[in-house]
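A single chain, nothing else alongside it, follows as structure tokens in the form predicted on its own.
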Amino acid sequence: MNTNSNTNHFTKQPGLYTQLRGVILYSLMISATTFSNIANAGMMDEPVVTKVAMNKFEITNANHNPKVWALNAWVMKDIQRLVLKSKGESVDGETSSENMLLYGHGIAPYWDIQLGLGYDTHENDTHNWGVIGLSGMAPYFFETNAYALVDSDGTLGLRLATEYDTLFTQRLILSSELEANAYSDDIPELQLGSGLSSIALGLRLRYEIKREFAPYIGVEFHKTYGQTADYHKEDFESALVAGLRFWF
């Protein structure tokens, strides 16, 4: 794959970084106001709604049996929400993760614009991002998340994910998920290369013993590209998974 051609799609743009940083700082000020409003919610009419969803908590049969998680938690009041997202894996005691703390504001039915900060970890290094994106339900019930990222060096990132549930019965559900990631420059400390870095397709069949609790089995296909593939020569391309999905 020609990574240079991919790089041409993304160039360092300090001006854009400055603008995004301003937007993100403004969003954090709004977040602080939201926190204050939520703290006083008992005195107001609109209820505060919370949810913690562990969408993945699984083990795979790939090399060294990685343990994987994907958490999505939020506090919502009216059309505003605070969102915490965390996903990652642990292999032989080494953990890598992608984390975001976001302020979301409803802009249309089932859609939020979200802004905030990202924090990635990889073995002994970390990386900070400013984040802006959209989260919601696309037509035909595709749950979709799309985030643009920028770091202090002006490196840009793009992370897309969409998920669709097929109901065989009210309790037996097949979840199909597609993820793609791309970056404007190499980030060696995170073992990420420029251009399209990875695509993953997951199929997970779950049985909801209760709406809030469902064991599942499935298969995941994962492919890395360009410099990212060079960093991950031992990465699997497919693996069986088994885990739990729960929320409260």
Partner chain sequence: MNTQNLSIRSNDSQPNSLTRRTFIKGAVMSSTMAGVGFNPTQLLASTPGGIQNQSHVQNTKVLSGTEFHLDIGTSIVNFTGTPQLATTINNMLPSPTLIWREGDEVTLHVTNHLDEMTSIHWHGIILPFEMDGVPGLTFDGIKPGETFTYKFKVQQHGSYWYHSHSGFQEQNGMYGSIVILPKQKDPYHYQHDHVIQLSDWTDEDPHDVVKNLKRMPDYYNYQQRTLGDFFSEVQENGFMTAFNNRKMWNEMSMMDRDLSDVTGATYTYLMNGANPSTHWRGVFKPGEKVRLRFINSSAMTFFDIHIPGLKMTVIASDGNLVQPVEVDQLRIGVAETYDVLVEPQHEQAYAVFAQALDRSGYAIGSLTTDANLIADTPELDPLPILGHSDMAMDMSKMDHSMPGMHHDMHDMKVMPSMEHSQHQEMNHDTPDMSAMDHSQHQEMNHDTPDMSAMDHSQHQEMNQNTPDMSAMDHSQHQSMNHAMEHDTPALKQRLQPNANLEVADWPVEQAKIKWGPHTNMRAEDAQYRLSDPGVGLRNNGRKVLTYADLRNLYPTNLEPKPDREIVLNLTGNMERYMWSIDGVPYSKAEPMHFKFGERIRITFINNTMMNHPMHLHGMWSDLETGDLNYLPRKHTIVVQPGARISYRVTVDAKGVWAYHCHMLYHMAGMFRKVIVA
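In this text the structure is predicted, and so the values were computed from the model without any measurement. Numbering follows the first chain given and starts at 1.
Not on display, but discussed next: the form predicted in complex with the partner chain.
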Quick one: of Lys67, His64, Lys51, Lys223, which gets a non-hydrogen atom within 4.5 angstroms of the partner chain in the model of the complex?
Lys51
Taking 4.5 angstroms as the cut-off for heavy atoms, does Asp112 touch the partner chain in the model of the complex?
yes
I'd like to know if Arg159 sits close to the partner chain in the model of the complex, meaning any non-hydrogen atom pair within 4.5 angstroms.
no
At 4.5 Å between heavy atoms, is Met137 in contact with the partner chain in the model of the complex?
yes
Given that the partner is absent here, does Thr169 sit within 4.5 Å of the partner chain in the model of the complex, heavy atoms only?
yes
Using a 4.5 Å heavy atom cut-off, are Tyr119, Gly154 and Glu189 all in contact with the partner chain in the model of the complex?
no
In the model of the complex, which of the stretches 145-153, 68-76, 120-128, 95-103 has residues with heavy atoms within 4.5 Å of the partner chain?
68-76
